[in-house]
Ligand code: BV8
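Just the one chain here, laid out as structure tokens, in the form predicted alone.
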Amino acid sequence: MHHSIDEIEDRLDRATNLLRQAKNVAVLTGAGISAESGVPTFRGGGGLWEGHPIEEVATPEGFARNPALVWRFYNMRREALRQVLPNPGHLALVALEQRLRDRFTLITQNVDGLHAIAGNQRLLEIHGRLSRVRCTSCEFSRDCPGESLPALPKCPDCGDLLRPDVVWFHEMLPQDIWRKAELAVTRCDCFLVVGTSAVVYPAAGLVQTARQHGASVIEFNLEQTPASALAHVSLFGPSGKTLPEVMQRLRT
């Protein structure tokens, strides 16, 4: 995917013009935007974590079988996030929200909370947030970023086991948040796909939804993805570089 300077400039201009004309913008982000902040993916070779299939530590079945193993995995992930900061890609999306105000919605598949830390407020975290815990029995939930949790955290209200407030494999997305995400996509006239291969459903379907409702689609990914076929403009390279470049052009 080596484009000439002219071709890259042309794509940047086209993306900027689509955004400039947009009255309502929705953005979908995935692991790619966080990778540039150094968020580890935790999937080792063959999708294993310390020799365990990733499904064992990220499914309700795995949690029911061995909650201590699952909590060890999530406490490691929580610990790893302590050092991580938002990157210029995250900050560019904050600038875009400030420009558009209530005509902007950010939908993320990431659980690292970096968009919130960066300053985005119109944020829908469809896979939950790693820093938050919730009770397996009662309604209790709490955001506890940076805190060290015990090996098996218990609910202060009812004493039952807490779990990470994230969506595991085989689980439904939180329906209220998902409905808001779908609504935002049907209402937008420009849809940005950032750092996601857009193959994991149901999030991947949002790209098609945007197209069906007549929105222009701009893709920011390292390389071609299944979303590229649906995009009006694709900008390839690190989103920490391409997003700020587009924002820079919007300001002039």
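We call the rigid core the largest set of C-alpha positions that still match within 1.5 Å between the two forms. In this text the structure is predicted, and so the values were computed from the model without any measurement. Residues carry their position along the shown sequence, with the first being 1.
The discussion below concerns the form predicted together with the named molecule, not included here.
Using a 4.5 angstroms limit between non-hydrogen atoms, His127 touches the named molecule in the model of the complex. Contact between Ala198 and the named molecule in the model of the complex is found at the 4.5 Å heavy atom cutoff.
Although the partner is absent from this view, Gln212 stays clear of the named molecule in the model of the complex, with no non-hydrogen atom inside 4.5 angstroms.
The closest heavy atom approach of Phe42 to the named molecule in the model of the complex falls within 4.5 Å.
Although the named molecule is omitted here, in the model of the complex none of Arg82, Leu85 and Ser131 has a heavy atom within 4.5 Å of it.
Heavy atoms within 4.5 Å of the named molecule in the model of the complex are found in exactly one of 159-167, 135-143, 176-184, 115-123, that being 159-167. Residues Glu55, Ala58, Phe73, Tyr74, Arg77 of 48-80 are found to place at least one heavy atom within 4.5 Å of the named molecule in the model of the complex. Comparing the forms between the shown form and the other one on their rigid core, the Cα displacement of Pro202 stays under 2 Å.
Remark: with the core as the superposition reference, the CA shift of Ile54 between the shown form and the other one reaches 2 Å or more.
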